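Only one chain comes next, encoded as structure tokens, the form predicted on its own.
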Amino acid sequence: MSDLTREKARAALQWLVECGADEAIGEAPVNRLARATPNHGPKTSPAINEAPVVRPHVTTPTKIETPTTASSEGIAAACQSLEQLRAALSTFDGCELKRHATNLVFADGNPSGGIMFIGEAPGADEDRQGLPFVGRAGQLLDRMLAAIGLDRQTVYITNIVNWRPPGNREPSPEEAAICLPFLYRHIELANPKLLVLLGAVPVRHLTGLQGILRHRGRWEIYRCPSSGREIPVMLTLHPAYLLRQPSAKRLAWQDLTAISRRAKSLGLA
């Protein structure tokens, strides 16, 4: 991870204060009013959910077979580079979302950085600029990354779908099913060592799990459909949710520190 500049350090500190981290304490809360319990010898520490739980690659909730889905699978599979994948998406007309969007929103950041963040869908700002996470949620994501020594030069960012849904609504199951083959290929070509899923929509489509608040903070396994390669994946909250629910930033901070530890263990720090 690159050294923090003064501006990035200030942004990181701002994020920590917004999370409520206004003093130097341990990672876990301590009830200092509780009575001390006698020590009866060594105890087995509860397992920390750092080790990935092997789970098969599941896309059943949105895997709707249509002629268009079959077409996107074939087109995506033929791409041998990220440049080819971007070009294929720019000429692909099988997704209704493209008719209402201004720009294709492919990705941003460093595809060689080893850490890939996947969000839900572009919003209005992303549609105008053709880049993911550039609006208010994206600015918060930048501060979150800076808090653990990352930035857009060290991570790679994309979404489940590559065009803005009208009214910033959630992508429909059909729209996601059409775009998912491109995302699967995107992951294979970027070849990250670590995946981070931001919010309920990417979690549902890439793991089959329902309910982000129930599952956030967990390490799972993403299995590439073609190669079978397994990638550790963290399930966490979307920055847009944190803007609506600032009290949830403390949960996001727990996830961020877990991501930082795993990145270091994989040689990405």
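Don't overthink the numbering: it's just position in the shown sequence, from 1. These figures come from a predicted structure and were not determined experimentally.
Beyond what is shown, the protein has a form predicted together with ligand URA; the following relates to that form.
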Have a look at 87 to 95, 128 to 136, 73 to 81, 179 to 187 and name the one stretch with heavy atoms inside 4.5 Å of ligand URA in the predicted complex.
128 to 136
Is it the case that Gly123, even though its partner is missing from this view, gets within 4.5 Å of ligand URA in the predicted complex, heavy atoms only?
yes
Find out whether any non-hydrogen atom of His238 is located within 4.5 angstroms of ligand URA in the predicted complex, and reply yes or no.
yes
Even though the partner isn't displayed, in the predicted complex is Asn159 close enough to ligand URA, meaning a heavy atom within 4.5 Å?
yes
In the predicted complex: members of 86 to 119 within 4.5 Å of ligand URA, any heavy atom
Gly119
